[in-house]
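Before any questions on binding or motion, here is one chain by itself as structure tokens, the form predicted on its own.
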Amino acid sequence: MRYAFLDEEAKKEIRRSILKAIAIPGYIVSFASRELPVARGWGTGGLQVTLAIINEEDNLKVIDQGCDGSVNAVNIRNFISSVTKVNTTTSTTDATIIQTRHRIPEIHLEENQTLVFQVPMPDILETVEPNISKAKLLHANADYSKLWVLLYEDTSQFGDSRISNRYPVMVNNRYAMDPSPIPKYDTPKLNNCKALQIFGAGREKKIYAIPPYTNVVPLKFEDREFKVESFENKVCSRCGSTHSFLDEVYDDNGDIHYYCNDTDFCDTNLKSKENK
């Protein structure tokens, strides 16, 4: 079997697309998405990016909705491990490559790490301009007036944007970019991140990237503060964290409990308190 499942020519082509994406932060690059033993729409974009850049010395972590133990995360981790024999981990700090869906880890990433996003819809303009040719022209002219109109309509009617995830961001003061379906809570983490961030959309055959230490800001009117999800007065029932993205869970009695969405962060926090 070939190392990392894909043939060498396929990996070269994907790497060339990644290099182009890194050179032009936020710019969407097309690539020839390959068939994988998972259905398109289930993470094949992130999977192909990971398979193209991984090597024997890497330490792989895969999360889905912040969880290392979900079915999607476990299956992808097992598949990559079976075709590369690399070490796998659930620790954010120990990982060199982190493939993720819908979350950025709570623990700050470092320079030796690469965060690979599984992306369903790569172009943020799709919500306001369904014609692909026109959307490309708008990107070329840096014409994002339709996105601003969308934000204005929400702000004028509801006081703030109703977008809860996939919040549009401006990368390096040039391209409006879809940050994948991460919650607004994670959007500020994109900015000036030490790690390389690569976004892969297998079904849409697109790759884009944010190099380390790149300026990324959410689209927002100057007189409006960018607000993220608030968990004020909420505490994780397991580790006691008061500064993480929390899931709301109902028990059999109908009582509400909150738990850290990032399982590794919650485990690390809990062990730290037990060792004190």
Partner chain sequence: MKSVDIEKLNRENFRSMMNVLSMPGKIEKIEELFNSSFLAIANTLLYSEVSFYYEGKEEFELIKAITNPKEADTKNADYIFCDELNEFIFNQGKIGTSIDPERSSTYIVKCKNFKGLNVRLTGPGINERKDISLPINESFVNSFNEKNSYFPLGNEVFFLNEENEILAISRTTKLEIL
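Owing to the predicted nature of the structure, the values given are computational and were not obtained by experimental measurement. Positions refer to the first chain, counted from 1.
We do not show the form predicted in complex with its partner chain, though everything after this point is about it.
Residue 274 falls outside the set of residues with a heavy atom inside 4.5 Å of its partner chain in the predicted bound form.
Residue contact check for residue 114: one or more of its heavy atoms lie within 4.5 Å of its partner chain in the predicted bound form.
When its partner chain is considered in the predicted bound form, residue 149 lies well away from it, no heavy atom lying within 4.5 Å. Its partner chain is not shown here, but in the predicted bound form it comes within 4.5 Å of a heavy atom of residue 172.
Counting a residue when any of its non-hydrogen atoms is within 4.5 Å of its partner chain in the predicted bound form, the hits in 54-73 run 54, 55, 56, 58.
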